[in-house]
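Just the one chain here, the form predicted alone, laid out as structure tokens.
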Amino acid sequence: MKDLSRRSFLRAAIGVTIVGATSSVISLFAPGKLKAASAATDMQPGGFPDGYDPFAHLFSYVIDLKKCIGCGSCVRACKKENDVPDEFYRTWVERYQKGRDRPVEIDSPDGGLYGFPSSTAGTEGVSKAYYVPKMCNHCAQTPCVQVCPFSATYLSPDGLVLVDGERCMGCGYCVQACPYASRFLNPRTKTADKCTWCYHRISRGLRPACVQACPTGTRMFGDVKDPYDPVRHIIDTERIGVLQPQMLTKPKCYYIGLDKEVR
């Protein structure tokens, strides 16, 4: 059977069972129900660049919210580097605005691609406004790996959660399972898509495009297996937080200055 026919058949089969499976996907969010994710080192499509040893690294990401100005340079760089389809985002920026007598307001026009309208901090009852970049958290205990019926989503030995586009059938289970809403179905490829921390770059010793483009140093990327890496030093010595810690997914994306209302 040709690959295309096989993929069509599997998609049809998934369509029959997707409704019933949804409840199972949701149940995986319950603490204590997450299974251990296993590394699938033999699944990296195309193999690794010459000289790159994925077992020699363990990557992490730090975002300093005190530095983000909401300019959108990171979003634009990601779009260009990864050819992300219009109206979809592998990374995006949210703006939080709050005041003593008004609820928290969150907006993210076009994912922050073009920046934001002028901040209203200090006016109209808004006393505080700040920006929160988001993306895939590359969790160590990730629901998306657990629910994939074709093992297309997997945990790489260097700490990333990746998608094998040749195995993915576009069932969307992982999109539903992600508690950070960081996945989408690519309308061109009909497969799951998400941030890879620009794996094609970092496996060649380069920084992710979003980190490279950030003009304020808000976004930092490093290898925690390197004892001299600045990101490892931050994680080891500073007060950091993660999104939705109650989910027990063990994200590898850490935040400095994370307020409790950020979700």
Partner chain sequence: MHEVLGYVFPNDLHILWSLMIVLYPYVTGLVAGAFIVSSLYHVFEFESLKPIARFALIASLAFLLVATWPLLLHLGHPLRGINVMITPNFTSAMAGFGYFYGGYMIILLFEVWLVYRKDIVTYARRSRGLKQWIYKLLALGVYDISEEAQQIDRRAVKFLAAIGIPAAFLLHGYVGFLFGALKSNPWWSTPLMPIIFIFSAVVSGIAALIVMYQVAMKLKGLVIDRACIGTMVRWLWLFLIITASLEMLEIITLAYEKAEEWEIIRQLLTGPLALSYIGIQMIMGVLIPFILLMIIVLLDRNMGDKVANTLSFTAASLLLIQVFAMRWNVVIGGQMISKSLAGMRQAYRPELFGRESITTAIFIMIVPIVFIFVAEWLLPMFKFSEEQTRKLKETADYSKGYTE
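Positions refer to the first chain, counted from 1. Computed from a predicted structure; not experimentally measured.
Omitted from view is the form predicted together with its partner chain, to which the following refers.
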Worksheet item: Going by a heavy atom distance of 4.5 Å, is residue 111 a contact of its partner chain in the predicted bound form?
Response: yes
Worksheet item: in the predicted bound form, does residue 176 have a heavy atom within 4.5 Å of its partner chain?
Response: yes
Worksheet item: For residue 240, is any heavy atom within 4.5 Å of its partner chain in the predicted bound form, or not?
Response: no
Discussion item. I'd like to know whether residue 180 contacts its partner chain in the predicted bound form, with contact meaning heavy atoms within 4.5 angstroms.
Written reply: yes
Worksheet item: 168, 185 and 247: each with a heavy atom within 4.5 Å of its partner chain in the predicted bound form?
Response: yes
Discussion item. Quick check on this chain: which one of 172, 157, 115, 99 has a heavy atom within 4.5 Å of its partner chain in the predicted bound form?
Written reply: 172
Item to complete: Work out which of 77, 147, 71, 162 lies within 4.5 Å of its partner chain in the predicted bound form, going by heavy atoms.
Response: 147
Worksheet item: For the stretch 83 to 109, which residues lie within 4.5 Å of its partner chain in the predicted bound form by non-hydrogen atom distance?
Response: 87, 88, 89, 92, 94, 106, 107, 108
